Structure formats: structure tokens, C-alpha cells
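One chain comes next, on its own, written as C-alpha cells: the form predicted on its own.
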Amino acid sequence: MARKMLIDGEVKQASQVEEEAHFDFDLFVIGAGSGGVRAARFSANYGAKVGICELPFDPISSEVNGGVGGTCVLRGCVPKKILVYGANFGGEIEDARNYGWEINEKVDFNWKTLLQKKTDEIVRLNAIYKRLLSNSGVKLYEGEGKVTGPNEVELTQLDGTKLKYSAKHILIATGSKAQYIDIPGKELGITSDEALSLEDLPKRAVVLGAGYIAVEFASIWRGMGATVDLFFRGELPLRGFDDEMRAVVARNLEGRGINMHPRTNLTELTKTENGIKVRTDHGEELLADVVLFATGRAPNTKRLNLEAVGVELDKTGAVKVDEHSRSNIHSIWAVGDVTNRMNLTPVALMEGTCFAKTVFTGQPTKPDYNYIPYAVFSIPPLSVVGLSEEKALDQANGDVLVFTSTFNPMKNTISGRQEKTVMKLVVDAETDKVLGASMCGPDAPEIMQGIAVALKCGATKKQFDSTVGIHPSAAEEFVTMRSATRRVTASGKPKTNL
């Protein structure tokens, strides 16, 4: 039911009142991460008067620190990938020996050099994002924002003074924050924020978790020479991914020297003279220099005053939105991780783009969540697009064909590294449409981006088969998997050989 308001004795729709009212801004955005900056810039380019606020920059986020660019740019994807590049060189140096490179037995790694380079890069990117906003005509405010009404925001500046602005539309784009688990001694642990800015490289690292962040940091620290123990509740890491590919990742992590502890939780951390004593629910004890909690993230809404103005949140604290990213309050919208839909930076960018088109061009545009590719930057990486075998079977009306290829990459035949690359296609047996693709091996994310275009266009297995491969390359395997590894009925259960 549309809201109505009594103005000068005349009943009007709320939307009419907004049209006739004067606002300081057409749009005010709280949060200048990837989604917020994209929405602000595009809205301004469409002619809107836009303001945006963000907490002051710091590599480690808190309730009072953040930075223009947001989690991905400052303390997520970008700095993490820089560390992955750094960690990869450890294995590359080992592999180089059999390619004729004579390397001294002792190869030193200077963590502080890489740390400084990483910090220099995120400082540079922070400045670039500020410049992008300025060049688009967006007014940037530094401080903490919160919503005080359907069309009003309050900004607390760095000196404590408060400013209030009215806006026809308010966009919440405050992202998410890492979570700690509630065990004795949890204050001795760190999250990914701190892990990206450690003063010293740990020699002994314990990682708790089974998602992206857990396996990525386990790979990073192991690649840099640390002893790494990875603890997780399930049988395999990366719950929600294709089971066969999860097994491949687990095998590769073990092959790289990471100690895997499935079906195991941490129960207590204790500070000792020799490090942090870690106790598990199996009664095991070990010492670590650092304990990383990679146990999930929560929408960053606690200090925004949203429920006080009537915005509905779900049980995780995420803003509940419709298919156009609008909340139950007509003038308040949300994009990115704060909505807890699909928490990926490119998805936040897509949602910000669609929001700007919907609100400021008169073209209602829904984000399309089909065939979004993503990657886990473990060493080696895993990348996927579309449906896993398990999800394909859940959704299938008929049989599913599974095509797999397991091989030793050409580079490994000379280096001697015993690490297989695995590729997989999931195909609808009736329509021949490719429903999903997965790859675990070097360059998987670079290859999967192109595969995602094909799946987005509705490619069939026949079209894959008729495509000429690039030789010699790993990528060509995606167009040479002629024979199905197995045919599975919708009522059947997938079987793996791994």
C-alpha cells in the first residue's frame, strides 16, 4: 500500500511529496567501497547531485576507520592478490631449478619489503578512487554517516561535529566486516584485516575456516615458508563449491605442505612465552605465532540507525531489498555485501550500476546473478562459473553429463612438481547446454573469464567441441573433452574418483 501524506489539507502520495520537496542531494551514499563509488559516479554522470561519506583511511578497518575504495581495494581482494603473487614465487623458484636456473641453496624472503609495496599500492588506489569521485562531481565527506530519517543523513566529522543533509534517495553501501568466533582467548586471534598488515611474517600459522579467505591465507603463508595448520568443521574445505573440485583443492593444499585438520574446531587460545597455545575440540594442542579467524563476515549495519527509521534487516543484519535493491522504505536503497546477496566485488559493481540506471535514467534494471564467475586464489587457484554438479542435479529435469580432464601441466613435466590440473564441464543431457565449468590449476581465473562469456551466451557442448584450441595450453582441454566421464540421473548421487 502506497504511503500517503496530508499536505496543506490535500492528500498526496509519498512519491509526489518527494518530487515537490527540495533536497540537499538527489542521492547520498553511505560507504565508498566498490558498490558505493560505482553508484555515486554513475548517478552523477546521469545528472544527479550526489554526496558520499566514508570513514578515514586505515589499512585495518574498525568502527572509526575505513577508507575510500572499501574492503576489496584496501584490505581484501587487491592486497590479498599481491600477497598471493609474492607467495607464488616460492614455488616458482623451486621449479626453476629443473629449467636450468642455478639458484643458491639459501633464498631469502623479506616480508617487510612486500608489506611496504602492498601498503604503497593501496595508498595509491585510495587516492585514485577519491579522484574518480571528484572528477565525476561527487561531493566526498570524511566521517561516519547514519540515517536519521527516510530522507535525512547525519554525518559525524573527524572533529566530532555533526552535519545533517537531506537527500531524495539514500544508498547504503557499507559492506561487511570480519567476524571472530566466541572462544576463550579470542582476542589473541586476528582477522584478514590484520593478516594483511602483520609487522612480522609468522613462522607458525593456524587458520580456522574453510572458505575463500582461509585457504587463500593458508596458501600465502605456506608459500612464504611458514608452517601452516588449517582447521575446519567439514570433511572438505570450500563448502558450497563442487564436491569434486573441493577434493582437488584439499589435495593440492596438502601437497604444498599445509597440515589439514578436517572435522576440527578450536576451543581455546592461551598466551604463552613461546607463542599462542591453541587447543582443539579433539584435545590437541599446538603453538602458533598467529591464529587467523577466517570464519565469515557480517553485514556492516550496526551503527547506521536503520531499524530506528524503519528499514527491515534480516537475521544477519543485512538490509532486505527487492530485485532493484530498494528497501522497504521507498527512498532507501542498498547494494553490495551489506545486502548479503552474492558477496563479490564485481557483483557490487553490477548492483551499483543497475541502481543508478533504475533511479536516474527511468530504466528499471535488475542485477543478473546468472553465470557469475568467481575464483579462490589458493595456490594453485580454483575458478568456477555456473552450476556445480550437485546444484545441476538439484535443478535438472533429466540426466546430467559430466566431462572431466585431469592432467599434469606441461610446465610440471620439466619442473617435476607433482600437482595435477583438473577441469570439469557439467552439461544438460537433453539440451546439450553447458550448465557449469570448473578448473583448479595455474591460470584458472584467467581462463574461466572467457568460459563465463560462453556460458552467458548459452553455449552448448557441441559448440565447445567445434571450437579450435590454442596449442600448447591448458585452456585447450575445455574444447577437447569429447567423451563424458559419467552420466548421472537427477535422482542419482554424483560420484568422484578423487
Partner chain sequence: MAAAAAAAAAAASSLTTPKLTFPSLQSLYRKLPLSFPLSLSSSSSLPLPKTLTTTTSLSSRRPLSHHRRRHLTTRAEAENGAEASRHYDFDLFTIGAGSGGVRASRFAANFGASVAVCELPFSTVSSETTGGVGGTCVLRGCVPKKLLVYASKYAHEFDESRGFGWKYDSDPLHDWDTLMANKNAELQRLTGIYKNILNNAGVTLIEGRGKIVDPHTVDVDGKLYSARHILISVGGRPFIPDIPGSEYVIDSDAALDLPSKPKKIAIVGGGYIALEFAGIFNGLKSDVHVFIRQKKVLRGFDEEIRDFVAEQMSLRGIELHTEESPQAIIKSADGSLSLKTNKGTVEGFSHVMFATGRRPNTKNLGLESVGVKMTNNGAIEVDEYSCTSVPSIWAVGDVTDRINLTPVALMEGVALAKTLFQNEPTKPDYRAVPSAVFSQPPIGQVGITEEQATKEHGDIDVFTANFRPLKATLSGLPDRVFMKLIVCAKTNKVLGLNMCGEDSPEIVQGFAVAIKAGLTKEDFDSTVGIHPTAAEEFVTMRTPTRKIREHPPAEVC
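Being a predicted model, the structure only gives us computed values, none of them experimental. Positions refer to the first chain, counted from 1.
Beyond what is shown, the protein has a form predicted in complex with the partner chain; the following relates to that form.
Trainee: Counting only heavy atoms and a 4.5 Å cutoff, which of 171-179, 80-88, 188-196, 286-294 contacts the partner chain in the predicted bound form?
Mentor: Going through the listed ranges, the match is 80-88.
Trainee: Of these, G275, G143, P373, G149, which has a heavy atom no more than 4.5 Å from the partner chain in the predicted bound form?
Mentor: Exactly one listed residue reaches within 4.5 Å, namely P373.
Trainee: Scan K139, R341, K118, R326 and let me know which has any heavy atom within 4.5 Å of the partner chain in the predicted bound form.
Mentor: Partner contact (heavy atom, 4.5 Å) among the options: K118.
Trainee: Quick one: does G223 come within 4.5 Å of the partner chain in the predicted bound form, counting heavy atoms only?
Mentor: Contact with the partner chain, yes.
Trainee: Tell me, yes or no, whether E92 is in contact with the partner chain in the predicted bound form, where a contact means a heavy atom of each within 4.5 Å.
Mentor: Flag for E92 set to yes.
Trainee: Does E244 make contact with the partner chain in the predicted bound form, using a 4.5 Å heavy atom cut-off?
Mentor: Heavy-atom contact with the partner chain at 4.5 Å: present for E244.
Trainee: Does G469 make contact with the partner chain in the predicted bound form, using a 4.5 Å heavy atom cut-off?
Mentor: Residue-level check for G469: yes, a contact with the partner chain.
Trainee: Quick check: do D322, I332 and Q363 each get a heavy atom within 4.5 Å of the partner chain in the predicted bound form?
Mentor: No.
Trainee: With the partner chain taken in the predicted bound form, which residues across 462-479 come within 4.5 angstroms through any non-hydrogen atom?
Mentor: Q463, F464, S466, T467, V468, G469, I470, H471, P472, S473, A474, A475, E476, E477, V479 sit within 4.5 Å of the partner.
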